[in-house]
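This document starts with one chain, in the form predicted alone, laid out as C-alpha cells.
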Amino acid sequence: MAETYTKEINVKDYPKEVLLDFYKTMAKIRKFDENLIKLMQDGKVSGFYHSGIGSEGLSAGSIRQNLRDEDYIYYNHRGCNQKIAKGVPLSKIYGDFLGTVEGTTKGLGAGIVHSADPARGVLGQAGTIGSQLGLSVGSAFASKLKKTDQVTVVYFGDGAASREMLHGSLNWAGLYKLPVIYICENNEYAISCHVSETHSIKEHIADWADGYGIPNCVVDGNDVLLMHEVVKEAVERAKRGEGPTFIEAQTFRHRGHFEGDPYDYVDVEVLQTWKDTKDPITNFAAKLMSEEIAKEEELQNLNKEIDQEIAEAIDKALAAPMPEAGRIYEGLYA
C-alpha cells in the first residue's frame, strides 16, 4: 500500500532566492494560462486548450532546483505547466498556440500543441494519451546504457494511468532498474469520469507500482515544497542507480477538462473548497509572508515583472509571421 509522503519542512532552511523561484514559477504558469485563455476568447487561438490552473505547485516543485537541461521530461495533458517550469520561453509556447514561426514548432502548432524542446530536455508528450509512458523507458534506458546520470521524469494524469501503457512501462522500468520517475497528476477526473469510476484499484493509483517492485508514495501535489522534496529524493535515488520511483501527486483542476467544458459534473462546494483552502500559490505566498521571508510588496513587484514578461512574450509571438506553405514539408521524411 502506498504511504503518504510527509516530511518536516522548515521553510527557512531554503535560500530565499530558491523560495522566490518556486513562487515566481507558479505565478508565471498561472498568468501564462490566464492570458492564453484570453487569447482564445479573443479568437486568436484555434482548437482546444486544457488549463492547468490549480496544479502549478506540482510542476514547479518537481522540476525547479531538481532537474537540469540534460534531464528529460515528458509532459502530460496540461503540459504547459511543465514546459514553463523546465524553462521553455513563453514566447515559444504562445507562438505554438498562435501558429506563428516564433513557436517551438515554427508554425505547425495552434490549439493543443504537442511540441518538444530537446535542448532543455523537453521530449514532448506523444500522439495518444499515455503513450509517453512507453517513450520514457526508452530515454531512461539510453541514459543507463550511456552511463550518464541523466534522469527521465514522465508526467501523466489519472486518466492516462488507466491505460495499458502504464503497466508495460512499469514492468520494463522495474526489471532494468531504470532512472525514471513517474509522476501521476491525480486531479480526480479524466474528462468527466471520477477516478473511482475508471480504476479497479480502490486505494491509490500508486499501489500498482508495488506489483513491479517500484518504491512509491502519495503526496500533496499542491504543496510546492513537499513536491520538491519527494522528487529530489527520487532523483537522487535514480542517479545512484537504484531505479524508478512512482509518485502520485494529489491535486485538483480549477477549470473544466477543456476551455468550453461546463464543468458541471463536479460538486460546486468541492471545487470551491479546493480554490479557497488548497490553492498552491495563495498558500505558498501566505507562508512566505508569515515566515517573514518576503513582504507582500515584494511579491506584488514579482507579479508585475511577470506581467511585463508575459506581455512582451505575447507581442513577440503575435508579431512573428505565419509559416510559408513549404513549412509543412520541413522535417518530413518518407
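Residues carry their position along the shown sequence, with the first being 1. These numbers come from a predicted model, not from an experiment.
Separately, the form predicted together with a further copy of the same chain exists; it is not shown, and the next lines address it.
Only one of the listed residues (239, 232, 254, 163) places a non-hydrogen atom within 4.5 angstroms of a further copy of the same chain in the model of the complex, and that residue is 163. In the model of the complex, a further copy of the same chain lies within 4.5 Å of some heavy atom of residue 168. Among residues of the shown chain, residue 201 is one whose heavy atoms approach a further copy of the same chain to within 4.5 Å in the model of the complex. Residue 174 belongs to the set of residues with a heavy atom inside 4.5 Å of a further copy of the same chain in the model of the complex. Although the partner is absent here, residue 213 sits close enough that one of its heavy atoms falls within 4.5 Å of a further copy of the same chain in the model of the complex.
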